[in-house]
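Given as structure tokens, the chain that follows is alone and in the form predicted alone.
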Amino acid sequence: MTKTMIVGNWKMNGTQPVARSLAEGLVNNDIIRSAHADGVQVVCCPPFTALSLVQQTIADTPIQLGGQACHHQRQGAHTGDVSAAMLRDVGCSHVLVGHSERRRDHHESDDQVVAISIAAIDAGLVPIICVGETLEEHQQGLTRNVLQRQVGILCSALGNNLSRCVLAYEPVWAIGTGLAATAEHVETTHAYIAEVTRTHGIVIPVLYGGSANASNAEELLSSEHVNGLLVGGASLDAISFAGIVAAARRKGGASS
């Protein structure tokens, strides 16, 4: 298993010229291009309209391609949606599932997240399944309750297939706010997620996502329970993203 994974979620940003420029910046950056040498897996998740272009740009490099979402059906009357098979067809190896913005904007439920994850696995994709609490839940001290529900449902529904996935803990209150969770919160929360999955006999990598950037990446990755980072805004600049990958490489090199 790859020691550390760094995933760049470009979200709804970038026309094709912008996407091409960013992809070229990743490919031409030695830190990113050779990250696999230190056991670091790099995945970029562009908007749907840029997937094919970015795939052509990163071809023949270790950088992998991911979709930002998909439907749970393989095909059919679902206007505006994209299936897991379509993502696979365009060259994706991964797909984000249940991101907090999908749960909020598209009302994706826990059951839908399970169905989408199954569809992704069936299509040969690795689902990166996002879990985490809202600000209100965090303030009410319900973090563990939320994670017990979200992760528990995944463990029960997917069983051993969950080991073919990646989890990403994203405290919703820290996304796009510039407020990253403290290292202590990340450590204890990731340890709790590992505890929940272990009770089901499942070992799975868990990424941290929530305003991760080049300044805090090394501290966030210092936790033994953090297996990588899901990066939002900081992934839209190749130099900034390279700083995060460099921190991951230092962690990978130290543990190899």
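One-based numbering along the sequence shown. All values derive from a computational prediction rather than experimental measurement.
The following text describes the form predicted in complex with 1,3-dihydroxyacetonephosphate, which does not appear among the structures shown.
Peer 1: Given the stretches 29-37, 186-194, 210-218, 48-56, which is the single one in contact with 1,3-dihydroxyacetonephosphate in the predicted complex, using a heavy atom cutoff of 4.5 Å?
Peer 2: Only one stretch passes the 4.5 Å heavy-atom test: 210-218.
Peer 1: Please identify the residue among L147, L162, A174, L125 with any heavy atom within 4.5 Å of 1,3-dihydroxyacetonephosphate in the predicted complex.
Peer 2: That would be A174.
Peer 1: Is G243 one of the residues lying within 4.5 Å of 1,3-dihydroxyacetonephosphate in the predicted complex, judged by heavy atom distances?
Peer 2: Although 1,3-dihydroxyacetonephosphate is absent here, G243 would stay clear of it in the predicted complex, with no heavy atoms inside 4.5 Å.
Peer 1: Do V231 and 1,3-dihydroxyacetonephosphate share at least one heavy atom pair within 4.5 Å in the predicted complex?
Peer 2: Heavy-atom contact with 1,3-dihydroxyacetonephosphate at 4.5 Å: present for V231.
Peer 1: Does any heavy atom of E101 come within 4.5 Å of a heavy atom of 1,3-dihydroxyacetonephosphate in the predicted complex?
Peer 2: Judged by the heavy-atom cut-off of 4.5 Å, E101 is in contact with 1,3-dihydroxyacetonephosphate in the predicted complex.
Peer 1: Quick one: does E170 come within 4.5 Å of 1,3-dihydroxyacetonephosphate in the predicted complex, counting heavy atoms only?
Peer 2: Judged by the heavy-atom cut-off of 4.5 Å, E170 is in contact with 1,3-dihydroxyacetonephosphate in the predicted complex.
Peer 1: Within 4.5 Å of 1,3-dihydroxyacetonephosphate in the predicted complex, which residues of 3-28 have a heavy atom? Give them in sequence order, or say none.
Peer 2: The stretch 3-28, when checked against 1,3-dihydroxyacetonephosphate in the predicted complex, contributes N9, K11 at the 4.5 Å heavy-atom cut-off.
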